[in-house]
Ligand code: GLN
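In structure tokens, the next block holds one chain alone, the form predicted on its own.
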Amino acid sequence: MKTLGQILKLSYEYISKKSSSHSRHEVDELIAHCLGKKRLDLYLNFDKPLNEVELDLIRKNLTRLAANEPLQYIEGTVQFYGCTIKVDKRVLIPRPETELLVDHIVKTIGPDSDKTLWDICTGSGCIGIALKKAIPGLKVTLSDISKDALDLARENAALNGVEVTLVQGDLLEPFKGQKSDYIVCNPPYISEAEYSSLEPHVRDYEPKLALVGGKTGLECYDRLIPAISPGTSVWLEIGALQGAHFPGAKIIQDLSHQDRFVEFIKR
């Protein structure tokens, strides 16, 4: 019977041979998840023998990791701005930089707002759900063109104990005749040419519908912005080189000092 320390060593060696895109940290996270422990607990239990059930689960999930499946899909959830968000191949994995956008919106709107916000291209629902949880009086609607994504967003709303409205459709199509105080959108913004050069764990697993905006990657913005009602406060996530496409908008950078969001009031 092998010990945890032995399995960790063998797992590092296996992943290093099979995939260059995964770190020892991710292997630790995966094994901790399989054992129902925190990562730091592993180092306190090197001599613990593992039973066959534990070993089988580790082998199965290491095989998935070696095939470049994202760790977040294997684990099934991510932590996002105080929320637990379920993720699978129906939706993009929420990125840490998007938490910066949520934090900025919370600080801009304030904790006591009772206005209306639409989270368009919601995917997992992480942005709208996190905003609703942080600002309980906010009236939040999640929308997406994908029914599969909305089904998961509905599960995430229930998991986090928030009440939101969900509607299906392309961009503002489900909102005909309506107006919102706030709109936030993380649309597909990768160009068709860029898609082929994405890392395998993104290109081969995350939904292309939520990644590729079209030939230039700017198509969703060009359809969305003209349809927004005047006076609406808008926040959009963008590609690092797309800021010049939004003259007059405030550009917000991420922690890597790359353009990541734009903020403006529709005129």
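One rule holds for the numbers: they count along the sequence shown, beginning at 1. Note that this is a predicted model, so its numbers are computed, not measured.
The following text describes the form predicted in complex with the ligand, which does not appear among the structures shown.
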**OP:** Specify the contacting stretch among 171 to 179, 129 to 137, 156 to 164, 88 to 96, defined as having any heavy atom within 4.5 Å of the ligand in the predicted complex.
**Re:** 88 to 96
**OP:** Flag A32 as yes or no: does it have a non-hydrogen atom within 4.5 angstroms of any non-hydrogen atom of the ligand in the predicted complex?
**Re:** no
Original post:
Is C121 close enough to touch the ligand in the predicted complex, meaning at least one heavy atom pair within 4.5 Å?
Top reply: yes
**OP:** Flag A210 as yes or no: does it have a non-hydrogen atom within 4.5 angstroms of any non-hydrogen atom of the ligand in the predicted complex?
**Re:** yes
Original post:
Since the partner is left out here, which residues of 181 to 212 would have a heavy atom within 4.5 Å of the ligand in the predicted complex?
Top reply: N186, P187, P188, A210
